[in-house]
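Let's start with one chain on its own, the form predicted alone, as structure tokens.
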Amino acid sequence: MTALGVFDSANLNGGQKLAMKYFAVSLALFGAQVLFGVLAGLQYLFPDFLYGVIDFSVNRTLHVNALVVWLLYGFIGGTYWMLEDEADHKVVGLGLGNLIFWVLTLAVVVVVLVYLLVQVGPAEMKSIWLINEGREYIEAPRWADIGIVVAVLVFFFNVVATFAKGRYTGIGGVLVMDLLALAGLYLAGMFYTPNVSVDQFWWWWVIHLWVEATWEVLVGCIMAYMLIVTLGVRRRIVETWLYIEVALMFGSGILGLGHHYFWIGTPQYWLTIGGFFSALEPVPLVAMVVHAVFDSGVHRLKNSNHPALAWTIAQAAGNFFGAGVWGFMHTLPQINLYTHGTQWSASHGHLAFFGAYSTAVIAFFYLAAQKSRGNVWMSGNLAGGWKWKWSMAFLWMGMIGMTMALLIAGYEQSQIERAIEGSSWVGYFTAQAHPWFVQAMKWRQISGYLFSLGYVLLVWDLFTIGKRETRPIAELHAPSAQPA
């Protein structure tokens, strides 16, 4: 057992040791996302900044892809973290899992270096295989696509084989089915078609169903575990909401995909289907957290880890407003006709990804930090507790600031560029030069600096939290823990 307050892996099981590697890379890539986002924002305001060194398109690619990869690493880490506890069995094939971690991480480093040093290539198949596929959000070259699928399949094997030899739980059953979809749906973005509408059709299966459906269920699984561990929530509550989430994913997630089909040449019936079902996607995950927190009132919200609980509650709120309210606000076809492709979409994207996914991964960072320090007290009167509170405050103030600034810019674009000028090039440049747009981009940049400060505090806190604590977690949970 690790001494209280000492950062050591001796207190972790095999899956959790592997999870710590994923968390470390995830945290580093989070920093890369913030860095390239700040640089891209500066280039928006000062087009000559880093001109000829790194293109804005490359900066944006690195910013977006770092987001996707750091969250994926966080989800994989969260799954490995809970796997042995949930299955009550050691991770099967752990050596292979460790090998794939290093292979995947090396591939990520190579792809980033290619983006930075090569940036673009000729319009031929060699560029698609070795440099960039040219498909927004999934620009990784074809060899990296194949590597991602292989890595997810190994991850899937570790999870399935472990549950097969261990105990079955509702969380485990949903997780296994979701990981099968996680590997399978990514294949939709790996084949070539010369028809742009058909290509966009299948491309959205990756962007929407891979990220907005399989990720939603995966987050639901790890957050269900988080609620059990931090609050002692009854298992039947979180598993009931997981089942509802899966049902709604099939009922609304796939049909909700239709809001991406509005303007790419698909039949008109997608306007009605996509507009209606898009609103239902975040409901079950938000309900699960709200129900769990309400249920935990029987022991007055006592919990073992205040930072993890705070980020868990923030996930429910962020998912509701970012994915739900902000998403529905501009996916009705009558509105989307004017907002599609404007900064309004970016406003929704920033708040949705941070609120629905980043918060969940950060919550697991704190769960891992606690156990790595010997299961120390991380609740009331935590020594140095100001750091996690201020990091959370700066991250949220920065994110809300960016969201509102981008919303104002998008509103200005939808009025001038779309409604008044009729989506012409004149309208585009008129909207870009409007004072409201320029001011909004400046406030977006200032908010980005606030967010960056929150990230720095987060890293500092994760490396120091619990260092001076001598109180064990058992003092809190012994009288009030509920059976899982």
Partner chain sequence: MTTEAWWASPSLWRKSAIWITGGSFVMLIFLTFDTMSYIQAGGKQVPGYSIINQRVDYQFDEAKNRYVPVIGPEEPLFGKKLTEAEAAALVSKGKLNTQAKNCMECHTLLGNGAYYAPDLTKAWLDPSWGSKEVREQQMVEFLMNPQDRLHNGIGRRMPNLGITEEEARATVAFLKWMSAINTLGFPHNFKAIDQSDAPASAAAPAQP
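Not measured: the values here are computed from a predicted model. Residue numbers count along the first chain shown, from 1.
Heads up, the form predicted in complex with its partner chain isn't pictured, but that's what we're talking about next.
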TODO: Classify Arg236 as contacting or not contacting its partner chain in the model of the complex by the rule of any non-hydrogen atom within 4.5 angstroms, answering yes or no.
DONE: yes
Task: Touches its partner chain in the model of the complex: Ser452 (any heavy atom, 4.5 Å) - done: no
Open item on the list: Is Leu117 part of the interface with its partner chain in the model of the complex - any heavy atom within 4.5 Å?
Closed with: no
Task: is_contact(Tyr338, its partner chain) in the model of the complex, heavy atom dist at most 4.5 Å - done: yes
TODO: Sort through 66-74, 29-37, 453-461, 44-52 and report the only stretch with a non-hydrogen atom within 4.5 Å of its partner chain in the model of the complex.
DONE: 44-52
Open item on the list: To verify the annotation, which of these, Ser391, Thr266, Thr105, Asn375, has a non-hydrogen atom within 4.5 Å of its partner chain in the model of the complex?
Closed with: Thr266
Task: All of Trp202, Ile254 and Ala433 with a heavy atom within 4.5 Å of its partner chain in the model of the complex - done: yes
- [ ] Counting only non-hydrogen atoms and a 4.5 Å cut-off, give the residues of 142-164 close to its partner chain in the model of the complex.
- [x] none
